[in-house]
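Shown next as structure tokens: one chain only, the form predicted alone.
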Amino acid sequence: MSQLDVFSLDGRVAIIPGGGGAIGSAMAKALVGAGARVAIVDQTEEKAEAAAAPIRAAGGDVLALGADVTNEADCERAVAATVERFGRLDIIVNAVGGGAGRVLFDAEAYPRDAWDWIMELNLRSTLLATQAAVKAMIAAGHGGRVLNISSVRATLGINAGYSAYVAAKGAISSLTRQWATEWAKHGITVNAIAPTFVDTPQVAMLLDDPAFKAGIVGRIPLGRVGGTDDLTGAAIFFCSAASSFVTGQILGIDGGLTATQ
């Protein structure tokens, strides 16, 4: 038996809300590569299938589901469909989120509709999807893994109109610790990764601004923004037996940014 076997996800089943996005699809590909069967969930089945198709074509066992994970009934339905297809559920990776670059406002004038949208997208989606998944894990009685995606903005302010986003991501980091405490008795670990900017289509508008990108890169000791593949190794660790005694942790994946603050 190789020591690397502790990173194997053979026999495990994961659900990835937001799995049709750039980060979520990279997570799905990585978990399947480690041996998991995966349900990719996105707003439409077509978007989920677009992410699932190349993984399936490469031999992965993947289910594509359309669901609004800000809706409790949709979350319950997606979890039930996953368990029906695969017979169990072991892992949830919450990959829904973002949107900050589209709603930047001064803190004293941050509009409620933009605030509510960011909270729905980042916080409510994580809450409802995780509740549905964890109820299934508790009922099955074989433990589980929850992986949230927070941000360096959960702990670092920025003079750029991010009030709602930093509040949502700060709440996700706090919930990660709270859930870890409550669900440990069920053998469920809860952890989070906290990236800095990751080069995805969602933030292309910001990174296409040379001055903005230079400002970001200039604060990152490793001298670049992250890529989606920079996140997947940590995801496999947190979702596997390799992290069986790790819970309530938020791992910065930021090229050293927070080390300089």
Ligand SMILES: NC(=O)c1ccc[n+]([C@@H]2O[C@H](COP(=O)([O-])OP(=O)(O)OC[C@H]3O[C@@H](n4cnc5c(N)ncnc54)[C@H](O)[C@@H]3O)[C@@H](O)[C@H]2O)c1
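In case it trips you up, residue 1 is the first one in the sequence shown, and so on. It should be emphasised that the depicted structure is a prediction, and the values quoted were computed from it without experimental measurement.
Quick note: we don't show the form predicted in complex with this ligand, though the next part is all about it.
Student: Given that the partner is absent here, does residue 9 sit within 4.5 Å of this ligand in the model of the complex, heavy atoms only?
Tutor: Outside the cut-off, so no.
Student: With heavy atoms only and a cut-off of 4.5 Å, decide whether residue 232 touches this ligand in the model of the complex.
Tutor: Flag for residue 232 set to no.
Student: Could you confirm whether residue 55 comes within 4.5 Å of this ligand in the model of the complex, counting heavy atoms only?
Tutor: Answer no; every heavy atom of residue 55 is more than 4.5 Å from this ligand in the model of the complex.
Student: Should residue 13 be counted as a contact of this ligand in the model of the complex, where contact means heavy atoms within 4.5 Å?
Tutor: Output for residue 13 is no: heavy atoms all beyond 4.5 Å of this ligand.
Student: Heavy atoms within 4.5 Å of this ligand in the model of the complex: which stretch among 232 to 240, 30 to 38, 65 to 73, 209 to 217?
Tutor: It is the stretch 65 to 73.
Student: Counting heavy atoms only and using a 4.5 Å cut-off, do 91, 188 and 244 all touch this ligand in the model of the complex?
Tutor: Verified in the model of the complex; spot residues all out of contact, no.
Student: Pick out the residues of 94 to 124 whose heavy atoms come within 4.5 Å of this ligand in the model of the complex.
Tutor: If the 4.5 Å heavy-atom criterion is applied to this ligand in the model of the complex, 94 to 124 yields 95, 96, 97, 98, 121, 122.
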